[in-house]
Ligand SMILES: NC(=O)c1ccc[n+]([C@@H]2O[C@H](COP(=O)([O-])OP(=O)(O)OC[C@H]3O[C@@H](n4cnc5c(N)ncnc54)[C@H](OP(=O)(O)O)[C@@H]3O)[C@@H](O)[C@H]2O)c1
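Below sits a lone chain in structure tokens, taken as the form predicted alone.
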Amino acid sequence: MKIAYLGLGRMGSGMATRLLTHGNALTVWNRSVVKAQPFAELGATIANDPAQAVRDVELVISCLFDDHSLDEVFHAGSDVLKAMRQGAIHLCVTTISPECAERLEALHKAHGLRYVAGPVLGRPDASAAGRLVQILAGDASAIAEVTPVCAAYAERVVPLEGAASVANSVKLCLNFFIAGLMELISEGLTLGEKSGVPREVLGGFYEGFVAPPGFKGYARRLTAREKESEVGFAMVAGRKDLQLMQDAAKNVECPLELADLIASRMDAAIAQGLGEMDWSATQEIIRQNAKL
């Protein structure tokens, strides 16, 4: 399939590489050209701008940072929407607000295009290894067409009925669970440390309590106090997702006190220069509060 891939950050680069190695004809675009250059060696075409990238392709996959970055590229009258051929599909894998997904779905329909929300679960290493989980919602015919393509980077694809925004709501709920799990493990490890319990003892129990490999990875990372995020999820990105959760909860009048607490931890961590560390580094704030 002829695909345009927009956004080659930590998650996007792994997914784009997997698409190339599975025989897809890929055109890539990234705001920083330096990140796009390695893909030329793998056989991809490098586009100078997103409008050039999406021209004459069957599928556009966007992996940008947030609502704002999507709105900058896909808006009423944008050159990108005009450049896409009629009936083409836009699959957005970015974690965005349900409201942004609603705007994008309406815009694409107005331009004779098909929109699918496809947020993914997993860290950059899972992206590179093809072990992501993807949630799809939106145009039903488009979902049927993109599902086989997603198998290049996702080991499980979950299609949903209803508006595209449903997929984004699911992703926020799942991210909230992960953030809450990290908070719970961090507080338990800190209490144990203050009480003279070896971290590896509690860490072994916590790792045994959670089944998915990704969750076990968080238990190991927290036990070892691994803060680096080269293959992780940066604190600033996690804070963006927490804000989406808080906003979504406010919109449906569903208080999330734990989300507010975790957001305050992240704000403190970012203020201390931990913004590019893994979002599990909120544990360091918990330890500081316990005078460790």
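So that there is no doubt, residue numbering starts at 1 and follows the sequence shown. No experiment lies behind these values; they were computed from the predicted model shown.
Unshown form predicted together with the ligand; subsequent notes refer to it.
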Can you pick out, from Asn48, Ser32, Ser264, Asn251, the residue that has a heavy atom within 4.5 Å of the ligand in the predicted bound form?
Ser32
In the predicted bound form, the residue from Leu59, Leu64, Ala44, Ala53 that sits within 4.5 Å of the ligand by heavy atoms:
Leu64
Is there a heavy atom of Glu200 lying 4.5 Å or less from a heavy atom of the ligand in the predicted bound form?
no
Since only the chain is shown here, I'm wondering whether Arg221 would be in contact with the ligand in the predicted bound form (any heavy atom pair within 4.5 Å).
no
Residue-level contact is defined here as any heavy atom of the residue lying within 4.5 Å of the ligand in the predicted bound form; does Leu113 satisfy this criterion?
no
How about Lys171 - does it come within 4.5 Å of the ligand in the predicted bound form, if we only consider non-hydrogen atoms?
yes
Assess the spot marked by Arg10, Thr95 and Gly122: is the ligand within 4.5 Å of a heavy atom from every one of these residues in the predicted bound form?
yes
Heavy atoms, 4.5 Å, the ligand in the predicted bound form: which of 190 to 198, 105 to 113, 71 to 79, 149 to 157 makes the cut? Say which one.
71 to 79
With the partner left out here, which residues of 236 to 258 have a non-hydrogen atom within 4.5 Å of the ligand in the predicted bound form?
Lys240, Asp241
